[in-house]
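A lone chain, given as structure tokens: the form predicted on its own.
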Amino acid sequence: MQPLPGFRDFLPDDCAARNYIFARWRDVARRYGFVEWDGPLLEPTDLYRKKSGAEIVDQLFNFIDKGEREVALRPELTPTLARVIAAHEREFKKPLKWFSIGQFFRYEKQQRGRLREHFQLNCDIVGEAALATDIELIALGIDILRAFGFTEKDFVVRISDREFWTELLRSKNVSTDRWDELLQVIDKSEREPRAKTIEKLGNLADPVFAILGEGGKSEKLEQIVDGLHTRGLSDYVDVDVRIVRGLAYYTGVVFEVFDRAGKLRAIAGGGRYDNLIEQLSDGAISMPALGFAMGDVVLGELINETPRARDAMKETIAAEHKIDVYIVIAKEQRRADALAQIQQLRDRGYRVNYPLTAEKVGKQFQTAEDLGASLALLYGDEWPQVKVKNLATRKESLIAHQGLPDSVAKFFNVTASA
């Protein structure tokens, strides 16, 4: 039996790698003043139709539930965010700075960097239109990747402004019904042959390629780069007006994050969507908003392809897998005494393991080594004393069992201070 196509099993090392990613996502988001929230895995299918149109259904895991409701496993979080804010925004001071780490599902062909399920970090700021908010969000994305050991040589944030293109389409009297189609053509222009892009753009080809050739000059984007320069982060960004983000709901500054080598799909992407909450809440509330998402699949590939980041992850995981104390039970008559003190040590927060059944003493010490224990405590003929072995130095000593928890605490305090 194998997992379904596009789905993953998380064996202990895989789960540890996933938790490593989650921990850094949470740590950096909280340093920026973001608070965590989440929504349900299952939502009405109409919530996604309202945002993306009827064609989105082909990309969903959707079904009729036992209450005869048409529902879908969430493919993204933004529609849920709009629904929640419409219902609860009066309960919170603005701007809202929220992040979420959740699992998402899309029924599409799996390929490198894209599976049918993945975990994703979402960071959104709602209720503030100032450009400082865009700078803050881009800085957050940069710092999250820096937390994994990446530098400006490993990744780049390519920033743009959809107003370049909406102003062009407006000036050329292009019907708004065609905007989404043409913006997606521009968004894909880097990945398609020039002739194919020209064919799709028609009369718009010359002005579009003129803007692309100039690289795009924008006071707004210059202010963003200057703001990041003040923070020492401008080496991580490039202005690139080819970045459009094909999704129709973006209204202003957009950005995508790529590995510098150009081997992988986008690591993250987002931008400003000032009209979406009003649209998804049926006009109940109108608030400026912007956000980005970062998935675990492409990020995991970049970590594994970057020796510095990969080694840091492995080192952290190895340290977290280690236990503090291993209990060696040399005499089964002492098992009850050992179990009582195991509980005392665990109550103090130490990671403690022991043999569940009788084993040879040598095998127990080998297990202690394999688990990376710092101390081995031996319960045997020495009772009512316990033999303590420092597995790093091989030094042994005897301690009265009554004071053992305090002696263990003293050992780890000394080790930490050293």
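Only the largest set of C-alpha atoms that superpose within 1.5 Å between the two forms is called the rigid core. We number the residues from 1 along the sequence you see. All values derive from a computational prediction rather than experimental measurement.
Only in words, not in the display: the form predicted together with a small molecule, which the text now covers.
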Q: Using a 4.5 Å heavy atom cut-off, state whether Gly291 contacts the small molecule in the model of the complex.
A: yes
Q. For Glu128, is any heavy atom within 4.5 Å of the small molecule in the model of the complex, or not?
A. no
Q: Classify His118 as contacting or not contacting the small molecule in the model of the complex by the rule of any non-hydrogen atom within 4.5 angstroms, answering yes or no.
A: yes
Q: Indicate whether Glu76 is a 4.5 Å heavy atom neighbour of the small molecule in the model of the complex.
A: yes
**Q.** the small molecule in the model of the complex reached by all of His321, Gly372 and Tyr379, non-hydrogen atom within 4.5 Å
**A.** no
Q) Heavy atoms within 4.5 Å of the small molecule in the model of the complex: which stretch among 201-209, 265-273, 160-168, 333-341? A) 265-273
(Q) Under a 4.5 angstroms heavy atom criterion, identify the one residue in Lys314, Arg114, Arg146, Lys188 near the small molecule in the model of the complex. (A) Arg114
Q: State the residue from Lys97, Arg310, Arg242, Arg245 whose non-hydrogen atoms include one within 4.5 Å of the small molecule in the model of the complex.
A: Arg245
Q) Superposing on the rigid core, is the CA of Asp187 displaced by 2 Å or more between this form and the one not shown? A) yes
